[in-house]
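Coming up, as structure tokens: structure 1 and structure 2, two forms of one and the same protein chain.
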Structure 1
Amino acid sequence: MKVINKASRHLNQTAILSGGVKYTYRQLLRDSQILARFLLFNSKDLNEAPVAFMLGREYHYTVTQWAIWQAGGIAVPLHTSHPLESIKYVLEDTGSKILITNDQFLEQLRPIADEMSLRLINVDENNLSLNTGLPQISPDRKAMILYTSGTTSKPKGVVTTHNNINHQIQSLVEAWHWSKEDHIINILPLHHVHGIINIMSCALWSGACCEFLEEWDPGLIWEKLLSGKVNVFMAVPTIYYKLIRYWEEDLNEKPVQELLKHIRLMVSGSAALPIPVMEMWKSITGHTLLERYGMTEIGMGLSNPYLGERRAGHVGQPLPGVTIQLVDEDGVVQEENKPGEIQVKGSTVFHSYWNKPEATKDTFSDGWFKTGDIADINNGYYRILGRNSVDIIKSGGYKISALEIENILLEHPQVRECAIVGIPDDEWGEMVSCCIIPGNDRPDSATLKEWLRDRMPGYKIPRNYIFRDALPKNAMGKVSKNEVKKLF
């Protein structure tokens, strides 16, 4: 629990800014210890018992996470927008006996708590204090369970230890030059690594300030970025796209480069960053987004450099403490310009899938975690070609990167968003197909085919196109390729 232990170095500094209220590290330690003692009740140690909690982006989220850890439990954050059946699945799968929430979600969760005989705790109540000691927590203890998206089967609980989390944070703090002078806003869901580790935990490890914005509001985000206080910002590509649109339509293309010079780092992740979005953001703000690669099971694995070239369309090199290799279908390690599956080793790699020993065993090969993502290396920089299951299309004997075609299409002035998918086909195996949200003028498919042929000579071009007003997305704002396939 190094992130908690380090807080004593910054007792009087602001740790969390939430709802316009500043909370110091001293307050965060005190309040989390009070809740930890209340969680223990009559026991001395939760002994790695899973404890579920549903809280929005606010101060008590951090208090609750730290309290669970200090009481010896495993933190199980629930997504505030998930349907009750999904919440119930996580509670049943983890076997959580305690459910923590606040006034906002209390009535929503009470029926589930009653049905499952859970101990329901409301952090907005003021009678949580109990006089009991706190256990000693070793680094090898299980600390958190985050759930995968479950695109091909039911979601799996990814278990990380305190040691895993310590190394995930430390790797990013070193690579991205975090310091106690930093101030970051957190606008991301807090049931994923991006919001929990990359933003909140890295800030608190460093003695910096993490400011929670409870609601998604592009106008408020721009206001915060231009305020002169925020100097680090992280988001998913969809958010950058929406901020660009807001700048065009509501800020009336206001010159902002001079007003954003105080920001030292802007990061994009959780989905591939389209090159046109990266270029447009740079032209507006003067900032070259730092793109990185990670997943629930490994934290972050690759990153463009903080100092040095941030290469468009690439996710950089392995982060400190992370070892990566690319392996083809025959198990042969690949060199430059040859695609292969990303496999990862290091202390950042997760412990196991919760109660799924066979799934855990199957996803490792000689100690290497098999990510299922395909990449290649170009002059030392890794480039993600896509998820083996949805982004690598096998058509006519070729392996085609959907992401590569999407990046080219997005350069077309009349393509606002697009998704390339493989549709089962008797002749080709999979037919390369394209779903498009057009701009003001809808291009025809013949024009788009010529556009692609000019820029990707000899490459497989989509054979069928459909136009839609919207593409189906998941909770993180990523396009759901499996849902797009259903549109054809």
Structure 2
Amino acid sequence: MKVINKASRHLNQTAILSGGVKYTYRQLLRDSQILARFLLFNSKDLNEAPVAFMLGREYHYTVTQWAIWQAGGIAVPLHTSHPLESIKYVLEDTGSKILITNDQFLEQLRPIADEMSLRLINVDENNLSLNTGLPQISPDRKAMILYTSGTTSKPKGVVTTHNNINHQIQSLVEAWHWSKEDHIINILPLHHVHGIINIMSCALWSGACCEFLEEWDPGLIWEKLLSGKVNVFMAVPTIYYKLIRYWEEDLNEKPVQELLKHIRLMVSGSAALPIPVMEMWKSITGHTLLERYGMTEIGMGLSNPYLGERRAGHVGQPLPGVTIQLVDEDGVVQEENKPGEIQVKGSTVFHSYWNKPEATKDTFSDGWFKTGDIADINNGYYRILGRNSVDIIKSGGYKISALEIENILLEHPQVRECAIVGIPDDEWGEMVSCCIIPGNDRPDSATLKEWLRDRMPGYKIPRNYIFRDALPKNAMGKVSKNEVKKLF
């Protein structure tokens, strides 16, 4: 909640720029308090009740998040383009009784709200005010649930407290020199840490301006970057890749370096930044991307320095307030040049997996959170080497569970067996790909894609399909994913 408390320091500054309209911190505070009172209805405190909301990248997203926090609820942001099955899963898993949305999504969500007896609130209606006081919120209370895929078949809800969020923001504000003079555009989905914490919340904590671009559009991003207003930019590697492609086709006549001189920081993260992308970006824009490493459960952990060498292929050193160790399979802490799993301690580390005490317990060892990512330290800089599970795929910056897709595919009547793997790809990092043993009637890939579209978000749908009579197995008779990868 510190991010909200700080707003009174810069009431007249622009907090959000959305749909061409500027909203000051004063308006944001007022509108979020009105909605908070409306949420409370007749109660004094939502007492950590999860409140789901589906809103695009726009002013009301922030109003709603702040309102839920001020009313004492847990914010559960839903992705706007997920199919209803995925939305329903999150609503059921969190047990949210309130669902907030706007005119855009109201009709789409009404049947679910009716079926699940949810209180459906439309932020585009103007009669929201009710005269109730707001509760005091202590920092150890739960604040947010974000869903992330893991090595289990269904995504897990990652719960962070206000204290976790305060520390996650504070660490980045300090490391990356945020100030109230900053202006950032937000083009990332708002159901993940990158868009919510690194961009929106760091800006608002600092009294800066967060400008939402509703649609993801490389031409518009270039236009904004070249406009002279934006001075901080953050994105996933796939977006830098797509911006480079756009520049090659449409902008290579422009004095881009000259027009981007005012930008003070450009960050890449959520997946490995390929060295050619970093180098190409530097040659086009004159800017050296700052690569950092994070995870939904820990916020950001490692970062190249703001001042000092930003080393390609490396993710720098631990951020302020974060302690990191690398541990090998025998539990031995590793020194320079020896690979080990990244384990993290600090106030930035999440509280628990929602309603999953066993999974929470299993993922900690002596108070250290086990990330499942393997790294080494190379001349003082951490370097991510890979993951210890072949079943975790990163594509377009999204984390994807192979097991989740396999389980859904197996529900198809003409899929007898299947194996999902991530195949290296210049644009997407990894491309979700699948090897299928069909039933009697072999389905074609277009039909399967269509069938999957109703059941999972677009980025999880496999792009490459191979049909076989058998899957490669190892000596133990288990499917060998490394062998499956070689088939593509």
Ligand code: MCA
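We call the rigid core whatever largest set of C-alpha positions still superposes within 1.5 Å between the two forms. Each residue is numbered by where it sits in the sequence of structure 1, with counting from 1. Model, not experiment: these values are computed from the prediction.
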Legend entry - Form predicted in complex with methylmalonyl-coenzyme A - structure 1 or 2: 2
Inset, instruction - Going by the rigid parts that rotate relative to each other between structure 1 and structure 2, point to the one of Val333, Glu174, Glu248, Ser389 at the hinge. - result: Ser389
Legend entry - Rotation (degrees) of the smaller of two rigid parts between structure 1 and structure 2, from C-alpha fits: 144
Inset, instruction - Provide the displacement, in Å, of the CA of Glu430 between structure 1 and structure 2, taking the core as the superposition reference. - result: 17.5
